[in-house]
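The chain that follows stands alone, in the form predicted on its own, written as structure tokens.
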Amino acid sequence: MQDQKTKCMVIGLDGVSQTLLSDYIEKGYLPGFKNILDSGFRLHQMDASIPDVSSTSWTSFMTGVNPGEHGIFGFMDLRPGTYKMFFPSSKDVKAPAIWEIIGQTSGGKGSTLHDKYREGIRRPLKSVVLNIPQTYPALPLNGVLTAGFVCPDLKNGTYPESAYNYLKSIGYLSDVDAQKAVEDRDAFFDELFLALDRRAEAFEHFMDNSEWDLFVSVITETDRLHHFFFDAARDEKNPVNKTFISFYKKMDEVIGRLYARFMEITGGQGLFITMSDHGFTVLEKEVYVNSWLREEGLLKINAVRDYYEGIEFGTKAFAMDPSRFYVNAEGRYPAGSVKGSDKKAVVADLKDRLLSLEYDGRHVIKAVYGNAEIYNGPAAASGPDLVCVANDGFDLKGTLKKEGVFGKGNFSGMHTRHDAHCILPASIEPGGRLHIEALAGFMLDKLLIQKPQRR
């Protein structure tokens, strides 16, 4: 094992926003975080990926490159040349994760990040990777991994088998049953706190009983809490407010213990980071963009066929979660009806229409990005033609089942791209606004780059 001073620990807090974290620290709810910040660390607001969905953002974090290189544009995608949906898994990630880079287990995958640091890898380093989304099924690595959401089978989501046996023995939960938040609120909160307890138990076990140079662990429960109850975060009159704060206090205790143990192990010289994959805000309206496309005459659906396989000739564009728009191009899709010579005009027209979309006198869309503006790399061509960033409060949905453009479901909170958080040592200067793709470089600098020895 390498020098303890070069160890790196990252605690991911799914969906924890910089603004809420700052508010709660100021109110005295989070003494563990306050202690960290008082010990030479700084809380940054950070930009997430575009789109700001967990599968894309966590993959951007763990590979240190954009979706045009790693190839994950959302939780669901379409098989090339078809309208058939599939769930991209760890096997579809085209760029190596940081633990594959340092462990020399990338299996031939490459990336601009890998190219930059490959000369600094003198020998394989060990990693413990716990609960990061988009890592199922668990691929062999130099260390330990258990997958985060979506993880339908803990055994297939964990490597090696000894790690699975331990997790099974403690009743580890890969995720909570989110439906309980709708059907039985008390049962949901019981499971939420139980999942956090089991996760903390597993984190501390592997921290103390495994060899590792890099330790990355993610708490998912914050995201689940936020989706259903974010309206309670700052509303003292909301009946869930106290429970919401109490969960944050419990999380703070866990972070405080992990931080103290890490500082003890490294003599205060290791790199400690907390971060999130996106922020959160209160959801006002869901926006059913495929219904809007139908109203605009841009999408034709045959409801007899399922999902996107119902797209008919004459369709100019369709949307997928979250906020991804695809031109129904001739040659790319079976019912493609937009000729190559017309695609640029269709994209420009769609962008103008999206930017003009309003609800109650307010613009729904904050920005619209073309593929080439945000993606670069060999996978970029398989990505969406346009991606929207909505104004806070408007959650863009790709469902094909809704009538009408605006509505409201069971969620009270939605993702934000601009309000992710990151706590870094004050000695690290991002050199501008922090982006989630930058963190892997900071970690590799600590793990691989050694300072010259004075003679």
Partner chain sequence: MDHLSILENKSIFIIREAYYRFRNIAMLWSVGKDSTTLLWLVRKAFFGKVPFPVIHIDTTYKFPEMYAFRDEYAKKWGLNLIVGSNEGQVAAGMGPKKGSKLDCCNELKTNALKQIIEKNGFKALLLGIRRDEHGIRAKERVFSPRDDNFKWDYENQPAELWDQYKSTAEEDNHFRVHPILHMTELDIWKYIKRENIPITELYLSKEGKRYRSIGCLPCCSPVESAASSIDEIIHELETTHTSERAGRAQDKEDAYTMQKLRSLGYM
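Keep in mind that what you see is a predicted model, and the values were worked out from it rather than measured. Residue numbers count along the first chain shown, from 1.
Here the subject shifts to the form predicted in complex with the partner chain, a form of this protein not shown in this document.
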Hey, of 206-214, 119-127, 302-310, 329-337, which bit sits against the partner chain in the predicted bound form at 4.5 Å between non-hydrogen atoms?
302-310
Is H227 near the partner chain? Define near as a heavy atom within 4.5 Å, in the predicted bound form.
yes
So in the predicted bound form, does any heavy atom of F411 sit within 4.5 Å of the partner chain?
yes
In the predicted bound form, is there a heavy atom of the partner chain that lies within 4.5 Å of any heavy atom of D184, even though the partner is absent here?
no
Is A348 part of the interface with the partner chain in the predicted bound form - any heavy atom within 4.5 Å?
no
State the residue from E284, D385, D175, E201 whose non-hydrogen atoms include one within 4.5 Å of the partner chain in the predicted bound form.
D175
Heavy atom within 4.5 Å of the partner chain in the predicted bound form: which of Q104, Q179, S162, T82?
Q179
